[in-house]
Every structure is written in C-alpha cells, then in structure tokens.
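To begin, one chain is listed below as structure tokens, in the form predicted on its own.
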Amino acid sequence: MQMTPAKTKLLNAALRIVRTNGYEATSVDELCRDAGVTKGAFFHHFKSKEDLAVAAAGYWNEVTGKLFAAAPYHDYEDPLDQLIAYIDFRATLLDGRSIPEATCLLGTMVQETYESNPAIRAACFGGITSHAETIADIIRAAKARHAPKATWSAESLALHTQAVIQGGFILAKAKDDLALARDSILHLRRYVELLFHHAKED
C-alpha cells in the first residue's frame, strides 16, 4: 500500500492511541497531535474518525501480517511443531511490552463498536479471521498428518486460538497484568497438545 507520510503517521498514531485509550475516547485532535499533522491533513486522507479506524484495521493486518510471515515458527518441518511454535511465538510478543503495546487493535476496537459501528466491526472481524485462516492452513496440515480421523475442523480450532488470545488480553486489561494473557496462551498450548494426543489415541 502506497501512502503519504502524513497518512502513515496518522495510521501509526491510531495503532498507538486506540490501543491505549479505546476507540471512543480517541479524538481526531489527539490523533493529529500525536502524528504531528494538521487537522486539514487528517480530513484530506480520511472522511471521519470511523474512516480512519477502518483503514487502521487494514493497516494493522498489513503490519502484523509481515511480522507473522517472518516469524520462526515457519521453520519447523512438522506442521504440529509449527502450530505449537506459533502459540509460543504469541507468548513472546508479550515480553517487555506494556498492555497497549502487547494487545490487539482489532480486539480493542470491536469490543466498543460491535453494535454501534458495523463498518468497524466488519473490518475487525475480517482482520481476525484473515489471520486465523493462516493458522488454519497449518492446522489442516497437522490434522492430516497427526489426527486425520478427528471430527473437529481446522477452521474452528484456528478461531478458537484467536478467541483464547483475545480473551487473555481482556483479562490482562481487567487486572492490569499481562501475566494473565501469558497464562491463557500457555493453557492454549497445553490444550492443543492434548487435543492432538487424544486424536492419535482414537
């Protein structure tokens, strides 16, 4: 995506501020101030705060997509090892970060706007499911190799991984402690290991 410097600055500001303050509490003035651009520049690139939020969801997918595409879990030959390493990688993304830095823009925005703003809700759902599909590809391969008779689907398990991770973020925010998110991810790892272990025994 080709973008002007001002637009990129505004999108990066949205990623920072919305994860810290939430969507509703984030103002156009604050976004402009953080980005170091004028309000005129904002409205040159975006029709409204909602328009920016939808664009920010797409930008988030682009930025995080590159991160996950280059992540070390792809180096494993066995897809089950890849899946476990993906979960471990999600835990490492918490290291040395504050709660806003560690948590997800999409999960943050959709919790506030799921009923009030269908455009943002759809953008968030699209982003979450798009990432889940990349994990479903790994799960399909792991299922074919290690659990071909299992009745659960790769798609449902991939979405479950995202539900656990997003739920962990909510708990971390509620207690102001990222350790709760880490615990949720570790339980997810144990669950996946047991799921495949029991599938081999069936």
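All of these numbers come straight from a predicted model, not from anything done at the bench. All residue numbers refer to positions in the sequence shown, first residue = 1.
What follows is about the form predicted together with the DNA, which we do not show.
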Work out which of the listed stretches, 63-71, 138-146, 24-32, 157-165, brings a heavy atom within 4.5 angstroms of the DNA in the model of the complex.
24-32
Does the DNA come within 4.5 Å of a heavy atom in each of 54, 58 and 121 in the model of the complex?
no
Considering only heavy atoms, tell me if residue 170 and the DNA come within 4.5 Å of each other in the model of the complex.
no
Is there a heavy atom of residue 37 lying 4.5 Å or less from a heavy atom of the DNA in the model of the complex?
yes
Would residue 41 show up as a contact with the DNA in the model of the complex if we use heavy atoms at 4.5 Å?
yes
Verify the contact flag for residue 195: yes if a non-hydrogen atom of it lies within 4.5 Å of a non-hydrogen atom of the DNA in the model of the complex, no if not.
no
